[in-house]
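Shown next as structure tokens: one chain only, the form predicted alone.
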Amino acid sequence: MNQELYDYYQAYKQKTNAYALALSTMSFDQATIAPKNGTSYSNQLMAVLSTEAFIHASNPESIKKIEQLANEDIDDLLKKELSLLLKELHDNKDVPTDVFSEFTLATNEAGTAWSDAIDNQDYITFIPYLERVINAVKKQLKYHPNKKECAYNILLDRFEPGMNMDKYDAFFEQVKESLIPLIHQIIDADKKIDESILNQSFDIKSQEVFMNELCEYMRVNRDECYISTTQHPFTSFFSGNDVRITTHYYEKNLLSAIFSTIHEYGHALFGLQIDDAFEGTSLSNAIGFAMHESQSRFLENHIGKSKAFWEPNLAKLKANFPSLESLDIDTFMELVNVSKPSLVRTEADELTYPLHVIIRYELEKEMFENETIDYLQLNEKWNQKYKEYLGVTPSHDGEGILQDMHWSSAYFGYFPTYALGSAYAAQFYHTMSQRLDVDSILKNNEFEKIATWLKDNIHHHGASKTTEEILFEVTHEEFNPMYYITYLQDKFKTLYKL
């Protein structure tokens, strides 16, 4: 191996990571603690810094030397690391600096506009920012090496390598055919779950106390995992020993923060358990989003909504909220797993959740397949799809088209990974439950055994293996969406006595 090339690459990588750390810190602060009135100035300077990072990353001389190093006699892990990095660099190397800068400023300002718009339930004020972001994305894609490919397929592959509309269409069609009839059965079922006990106010400070107790149960290491609050929960990865998550407390919705926190900790745990040797490399940060979502959905649903998880935790919940004292474990599990058509994706039950994703997927396809978009009608199309698939209609755009922050961040193509990740999670859980006595582990306050199994079988690989390779290695099968579909059918037919 050429030592000079290797040393050059190490210096290049360190500077790249320095830019990334600075921008991550600014973004996290802006979403959590930064004064609102300073946002406009911060957006401008963050765009400048992002552009400098882009110029550094896409330097033709650097790309050439990394390519040369990739052709040297190097070990397989370094070869994989460079392969992942070069894919990203080649995808963006022809984008002019001013086009990238325009895109960055557009997303920064759209994020701020989205926050204001959802507070005011005012989609109309957000339209110019959304249009600007979409145009900036389309402009960038004109410089993509596969620019003759359908734009939306490029975006889908960006968030989950190898995925495209044909694959997602087949997956979603299977989901719809299997789950929509069950959803209607439950709507018409004789059994109704009484949720009235949750229709009260729950003190925010008491929610925070309970969340700390739940984090102790999940062995959250506060020296590595910081928790804050924000409008839309998310996870930021600063390093292998510094992951930051956010949640959002609602006085009238006790369960929201609980499952948002568990979900985000699923992401955090993945980041914290990647092999230490991958720190600061593409083997740590180039993981497919569906794989990451599989771990958050795994923890949120298969673990966090299980009876065994709550048997040691329900008493703690009732101690913080005496008005719930009459709740027994079986009644609480019905409340945790109740299924009904709803308007907000992040609050949706497991059964109806993929339909929320499908609605966004279908709208995104239309947005990128058509030359022009009628933005004034986009929220109405959103509402029509909710009526068609779930039989509910938003009363305002805050619980409709504005509810997710993803479009303001140009995360077009991300949403499908939530459903695909949920399907991966079901297949992983099926295997884990055959190898571990999961119920006993959770009842006996041994959460670390779950975390260790995930680390040994999934997390430590990072991006050194593809999702397909990890899935087959762990489950000894190719991806099979029937694990997901059967899991949901069995769970909800049992719950509703169908």
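One rule holds for the numbers: they count along the sequence shown, beginning at 1. Because the structure is a prediction, the values reported are computed rather than measured.
Just so you know, the form predicted in complex with another copy of the chain exists too; it's not on screen, but the next bit is about it.
Visitor: Taking F28, G38 and Y226 as a possible spot, do all three reach another copy of the chain in the predicted complex with a heavy atom inside 4.5 Å?
Guide: Yes, the whole candidate spot contacts another copy of the chain.
Visitor: Ok, E52, E468, E446, D439: which has a heavy atom sitting within 4.5 Å of another copy of the chain in the predicted complex?
Guide: Contact with another copy of the chain in the predicted complex is made by E52 alone.
Visitor: Just to confirm, with a 4.5 Å cut-off on non-hydrogen atoms, which of D349, E399, D242, E311 contacts another copy of the chain in the predicted complex?
Guide: By the 4.5 Å heavy-atom cutoff, the listed residue in contact is D242.
Visitor: Residues in which of 158-166, 358-366, 242-250, 71-79 have heavy atoms within 4.5 Å of another copy of the chain in the predicted complex?
Guide: That would be 242-250.
Visitor: Answer for K205 alone: is it within 4.5 Å of another copy of the chain in the predicted complex, judged on heavy atom distances?
Guide: Residue-level check for K205: yes, a contact with another copy of the chain.
Visitor: I'd like to know if T431 sits close to another copy of the chain in the predicted complex, meaning any non-hydrogen atom pair within 4.5 angstroms.
Guide: Residue-level check for T431: no, no contact with another copy of the chain.
Visitor: So in the predicted complex, does A18 come within 4.5 Å of another copy of the chain, heavy atom to heavy atom?
Guide: Residue-level check for A18: yes, a contact with another copy of the chain.
Visitor: Does G111 reach another copy of the chain in the predicted complex if we count a contact as any heavy atom within 4.5 Å?
Guide: Answer no; every heavy atom of G111 is more than 4.5 Å from another copy of the chain in the predicted complex.
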